[in-house]
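Given next, in structure tokens, is a single chain: the form predicted alone.
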């Protein structure tokens, strides 16, 4: 398959089941809602070392938020429910409770509930007040700038982590420009996050290492400086490879994000140094979700 001179490899991305939640942060203005959201979703690129993967789902108009203020929807993904609950509560307490004028609400419905502000209320030292509105429990916690309002719980749902594609280009600048174009359109797809810095990964990894203490190491087959030293996947003209990783609430969400992202890269085309689109997988042996590039782009 070739789109605008860009070869789409006959391969697939391999993804894994995860647990996810969504929360809504509001504040006095969009600036402070975004500051709280960025803090809450920081250091959350990979479950390998961060404990979770997190990112901003989308900005919310005041008409879309529970308290009628500017807001940001964030999503957090983890390998299990226990880990997800711990990450959510820690990040809410350290990054949202602390942020001026913020409030925190559930962002997704589910039969499975996990604490959002349920335990944060104890920071109020007995001065906190509970309110039940339309069957939902909220906590009002006194703080120095006034009051922190938080919903008691939010939902936990099954989700998917690890959708991905690789952009192979003739230069680093061309690869980055293509990834930036992809991220811009992918961020408009609801229900997905691209958890790495700016949505882009330059240090893709493989399973295992020559060092027994490491579970993962550099993906040498896609490193342009190692073409003459390893079994390379790169042709001579490829000088830079970057990856975009996608976590989503459903397979369909990830399909759509991959499709619009890859199309944005292909729109730049071979004339702008983009040569191939590929993907990372483990031979289909580890993850039950397979995203076949050519099927997605058909």
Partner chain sequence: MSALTFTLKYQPKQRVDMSPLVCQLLQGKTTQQIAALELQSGKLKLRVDQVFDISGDDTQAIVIKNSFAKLDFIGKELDGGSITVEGDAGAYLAMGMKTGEIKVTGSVGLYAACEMKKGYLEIGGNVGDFLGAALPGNKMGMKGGTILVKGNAGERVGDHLRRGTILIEGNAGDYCGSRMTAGTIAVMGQTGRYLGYAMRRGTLLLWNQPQLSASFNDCGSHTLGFLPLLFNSFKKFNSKFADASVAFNRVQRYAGDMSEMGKAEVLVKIK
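Residue numbers count along the first chain shown, from 1. Everything numeric here is computed off the predicted structure, so don't read it as measured data.
Keep in mind that the form predicted in complex with the partner chain is not shown, yet the notes after this line are about it.
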property	result
Which of 111-119, 183-191, 200-208, 138-146 sits within 4.5 Å of the partner chain in the predicted complex, heavy atom basis	138-146
Candidate from 61, 237, 252, 67 lying within 4.5 Å of the partner chain in the predicted complex - any heavy atom	67
Three-residue site 215, 221 and 228 fully in contact with the partner chain in the predicted complex at 4.5 Å by heavy atom	no
Contact test in the predicted complex: residue 131 vs the partner chain, heavy atoms, 4.5 Å	yes
4.5 angstroms heavy atom contact with the partner chain in the predicted complex for residue 196	no
In the predicted complex, residues of 90-117 near the partner chain [heavy atom within 4.5 Å]	105
